[in-house]
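The structure tokens that follow cover one protein chain in two forms, given apart as structure 1 and structure 2.
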Structure 1
């Protein structure tokens, strides 16, 4: 009888609006303005009820116009998990067990586009900004993948934006992982082989100082391409690819248990 009474009382208690997640926790999504004192009262009551219910992680998604609720949430033991331009995500682990909430995204994903024409010339650029500014180094077009963007689409976009050249994706030649690059995050960099569909260069003047088609051997002869540099390995792979001694990774559509969004598995599918 006591258990029945407790269940009825729990249903009558006013708590924050929340949805169950797939891992035994709840997600609070607030949109309308709320006084911080009212929020604190509801939060304390909610945490008590979620503890009784055996919930694990509690997530609070706060849009920027509800910034007044950040301080009371933090004082109740919530931590920052991640932030985007329009919201902040806070989280708290309830059980007295090991916290299994995954950390925020650990990697940034970048692409470099290797574009070779029929003359064995590589499309290269000199950057107007950043650490390479004014150093006279010719490099391949590079950039960061946007949210929801495929690697091959990102490579085509970056080449078009920086040089005005239209391209067709061929395959991934290689990838590099490095650490503590931007905001202490790790970095995955995919080197993509591209086939040019146009040849007249029109540089993006905001970021690119110059761009041109350079003989592959001249790119490889730059001082910056010596020893074990990234550029040296890229040019070596290009030469091997041209001479048909190397085969990279091509995308193949796959389905997933975790999302209904399209995805691709990259692997080496040798030609018969």
Structure 2
């Protein structure tokens, strides 16, 4: 065995800085500027090493200022995985076994907030931008969930930002899935029932044209709220909630195998 060992040339090779991930792969994170030829040489050496070591997925995260390294990575067989405004993530699967690279994010998640006061008036807004601009339609405050944000926190934040009203979360009344909302991506929209904790409206000038408390029946009777429109369903569910004890889904903290971050399971707690 000693003879075999000495027959192998041991040489220190320079490879790209990488961290192991939890799935038998490595993640390359670069920050400093690097010449694309230097990068290509290091990448080839690194891939040989990682192949010998039995690594599976190799991830390369390239911040925007390292855009010169995108082309060499693609030429070495890397695929795009996902991108955010400030970085591009590329990936290559080394083994011949089934590729278990996780799917890219497919959905954008939004919330709408149903806020009702004690006079059965709903908090509604008119937006300055977007598809409903200038149409005179009153709608519930809505917005997109921030990265890592809980649905109930997102709903509370949007109401506060758009109208200045403080609220607490009651439950999810309903949700809607839509497809091809932009390019090929889908959308999940959660309708949240919120209890108002304050009542004086202060609108956000940038996005909101107007905001007011409007009788529930007036919201429902708007010309836009025709058959099959979401606003009609929302007002119906809201009336059901007020009058007939409708049960939506409430959050409960749970653990998850897949994340150290707190998760929430939303379900109908009425019968539990």
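Positions refer to the first chain, counted from 1. For the two forms, the rigid core is made up of the largest set of C-alpha atoms that agree within 1.5 Å on superposition. The model shown is predicted, which means the values in this text are computed figures rather than measured ones.
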Checklist outcome for this item: Same chain, two copies; the copy that is the form predicted alone is structure 1
Checklist entry - So which of 61, 104, 40, 218 is at the hinge, taking the rigid parts that turn between structures 1 and 2? => result 104
Next on the checklist: Can you work out the angle, in degrees, by which the smaller rigid part turns relative to the larger one between structures 1 and 2?
Outcome noted: 13
Next on the checklist: Superpose the two forms on the rigid core and tell me the Cα shift of residue 52 between structures 1 and 2 in angstrom.
Outcome noted: 4.4
